[in-house]
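Take a look at this single chain, the form predicted alone, given in structure tokens.
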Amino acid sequence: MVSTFSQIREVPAFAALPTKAEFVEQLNADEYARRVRNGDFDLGWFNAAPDGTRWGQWGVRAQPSRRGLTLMDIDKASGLFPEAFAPPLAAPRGGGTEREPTTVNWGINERWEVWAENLVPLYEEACSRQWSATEDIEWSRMEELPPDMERALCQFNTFLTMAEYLATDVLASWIPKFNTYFHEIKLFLASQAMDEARHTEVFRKRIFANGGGLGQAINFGSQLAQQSSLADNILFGSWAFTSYGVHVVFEGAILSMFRFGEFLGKTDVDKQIFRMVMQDEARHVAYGTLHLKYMIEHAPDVERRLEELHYLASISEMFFTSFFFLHPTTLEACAILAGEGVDGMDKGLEVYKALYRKMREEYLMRIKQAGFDRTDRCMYPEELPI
């Protein structure tokens, strides 16, 4: 057996680096550094005309609106609204470039792939409605729950913690793929990653705040990552698939569960937690829904893409039914909460089934309004087979 120490020593050698003195000597020999030492500055950027080549614009004065200075305000003042195609550059939209700009092979360069008419105001809302899981939840008002109710709520929160991990892992990996020309989607997903992290935080804190503890993990991660990484899975093979699977199907259902948690919360603190996460989740679903609408209205070869989406939707719906709504820990924890204890699980199960029907109805209505009708193709059964 090869020892760990031996394995470390067998790492291939890196290329030799110059010494610090050699590096300083290289800098001293640089042509630009030599010119600056002689007082000869370049100032090409400074003297460039604001024509969009080396310098972008000049003389723009955006006026703050009632909320402050928003992205909408600066877009209105500059006129720099995104066009259908983004240039293969790393420059911000409307910025100038060096004489020979480096091209960048961004993964996503077309507006229809990322846009939603509510994207910019949703980002501004995300910024203005950030909240702290440490300070904005009134933890000092926590009330004791019966042991079976506390255990069920801790299991439900364990499930939700894992769901938030999954959303963060999947969505954050897309940020580097969007062309910087479409800064709105980069900013929005960064704000969403912060939302998901805060949700993970608040659910974990709730688990340990009232005499409970972490419950059983659900093995849905391995079901998704059947290839070498999540990015290889068909559910996340394109942004269209990822946004639909995560924002529309996954978070649409989680939004229903948050409403369920707020409705059934037995303490003011629990109700407050679910109200706070609900406002974030509604924002994510709103982007996904209007992105779906924009894509349907603007994507090339839309009929083929719709058929691909129908296929993806079927996979997502089957997965969510099997590994979420019919998973024993989720179903039984919710039945205990709805039935106000283990003895009331039969009654609680009926409430849970009503939650499922409501979730399915909202999902179908949401996507139909976006122009994607799955009434006759939806894989969610009309009733849970329980």
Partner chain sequence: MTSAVGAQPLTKAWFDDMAAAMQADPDRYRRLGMNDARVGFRVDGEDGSPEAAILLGFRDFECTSVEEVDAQRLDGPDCDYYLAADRRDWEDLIAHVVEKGRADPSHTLNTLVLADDRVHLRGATQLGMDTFYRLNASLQAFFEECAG
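For clarity, every value in this text was computed on a predicted model and none was experimentally measured. Numbering follows the first chain given and starts at 1.
Another form, the form predicted in complex with the partner chain, is not on view; read the next lines as being about it.
- Interface residue among Arg275, His298, Arg304, Lys76, judged by heavy atoms within 4.5 Å of the partner chain in the predicted bound form: Arg275.
- The partner is absent here, but in the predicted bound form a heavy atom of Asp136, alone among Asp136, Glu144, Glu83, Glu98, sits within 4.5 Å of the partner chain.
- The stretch that touches the partner chain in the predicted bound form, counting heavy atoms within 4.5 Å, is 287-295, out of 107-115, 211-219, 287-295, 161-169.
- The closest heavy atom approach of Trp239 to the partner chain in the predicted bound form falls outside 4.5 Å.
- Not displayed here, the partner chain is kept clear of Phe203 by more than 4.5 Å at the level of heavy atoms in the predicted bound form.
- Although the partner is absent here, Arg366 lies within 4.5 Å of the partner chain in the predicted bound form, judged by heavy atoms.
- The closest heavy atom approach of His199 to the partner chain in the predicted bound form falls outside 4.5 Å.
- Counting a residue when any of its non-hydrogen atoms is within 4.5 Å of the partner chain in the predicted bound form, the hits in 259-277 run Arg259, Phe260, Glu262, Phe263, Gly265, Lys266, Thr267, Asp268, Lys271, Gln272, Arg275, Met276.
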